[in-house]
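This document starts with one chain, in the form predicted on its own, laid out as structure tokens.
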């Protein structure tokens, strides 16, 4: 390897308090680890070369905390940030754990529940802004149904849009330097979640009052759960200029939301995801929304965190090798990868251009084109050899 695998803050790696702090609980078993102190987490992440830490509101300030205790918690946390230099680039809100939100939060049928959800989000926005966050993620884990008869989905989308608009209005009123990132997911904990994929969320944004304030936070596991390509989802989000944040982890198709260490499953899609981000020159956070295995003790938590970052750095180096490999370059020429950038209609969309396109198309030989090989087998094998360390 020609590049260092030691993470540095310049790599823009971030973790959530809830990620390394996951206690190992699952639906069938109790916690296997004690809770982590957020201040200790900040110090330990800083020692690993992490850039920043993200948080849900109640990851840092427990539900029901008094105003005076809230200030004491924030003072201690800010001191840790100041000492270590860690940033808080992203904050979010927990609208899924409390029994109050069992039927939904922004899209609950009961308007009282909806108002409480929006008010809780306002408080979380204040917290994020106080800590310097410039991105606020909205994941609608309870915005969905098990019984379709119980929910008017079109009405629910009206209320969802209203809630996001209210959050945007709140940020504008407070003059916060903050924008929102919707996080799609197809299912779990609800049987069907609204805005299940990147495509659904992109379409939803177009109907908002201030669409320029709202983008996406795509997650590797969430797109993979549906059997979709995460790297394609990221590429399309970039194409729309809506990649405001990203969650990196690992997932096997068809399984529950696993949130594995980045690259531990789906290494090829992880490689192409890193390629999309690096080739685009994307300057955002590489955020790891993953959890250590339930089997791990305290030391295993930090093995997990370092593993996420090292895998990204290894794959980034593989991307550089991909572009520098002479055999791969020739295979890309055979595949005519760069030709995708040539316009189909050289003259644009006018009447003359349309006629010219039809005329030139009539000169081509279908049999010759049908007999052309593009060398995808060789190219794909070269990528396999690159990832397996044979190149």
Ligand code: GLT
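Positions refer to the first chain, counted from 1. Keep in mind the model is a prediction, meaning the values are calculated, not measured.
Just so it is clear, the following notes concern the form predicted together with 5-thio-alpha-D-glucopyranose (GLT), a form of the same protein that is not shown.
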Item to complete: Determine which one of 100 to 108, 254 to 262, 191 to 199, 298 to 306 lies within 4.5 Å of 5-thio-alpha-D-glucopyranose (GLT) in the model of the complex, judging by heavy atom distances; exactly one does.
Response: 254 to 262
Discussion item. Taking a heavy atom within 4.5 Å as contact, would all three of 56, 92 and 247 count as contacting 5-thio-alpha-D-glucopyranose (GLT) in the model of the complex?
Written reply: yes
Practice prompt. Scan 139, 312, 272, 180 and let me know which has any heavy atom within 4.5 Å of 5-thio-alpha-D-glucopyranose (GLT) in the model of the complex.
Written response: 139
Worksheet item: Looking at the partner-bound form in the model of the complex, is residue 143 within 4.5 Å of 5-thio-alpha-D-glucopyranose (GLT) by any heavy atom?
Response: no
Worksheet item: Does residue 204 reach 5-thio-alpha-D-glucopyranose (GLT) in the model of the complex, with heavy atoms at most 4.5 Å apart?
Response: no
Worksheet item: Does residue 96 make contact with 5-thio-alpha-D-glucopyranose (GLT) in the model of the complex, using a 4.5 Å heavy atom cut-off?
Response: yes
Worksheet item: Are there residues in 13 to 42 with a heavy atom within 4.5 Å of 5-thio-alpha-D-glucopyranose (GLT) in the model of the complex, and which are they, in order?
Response: 18
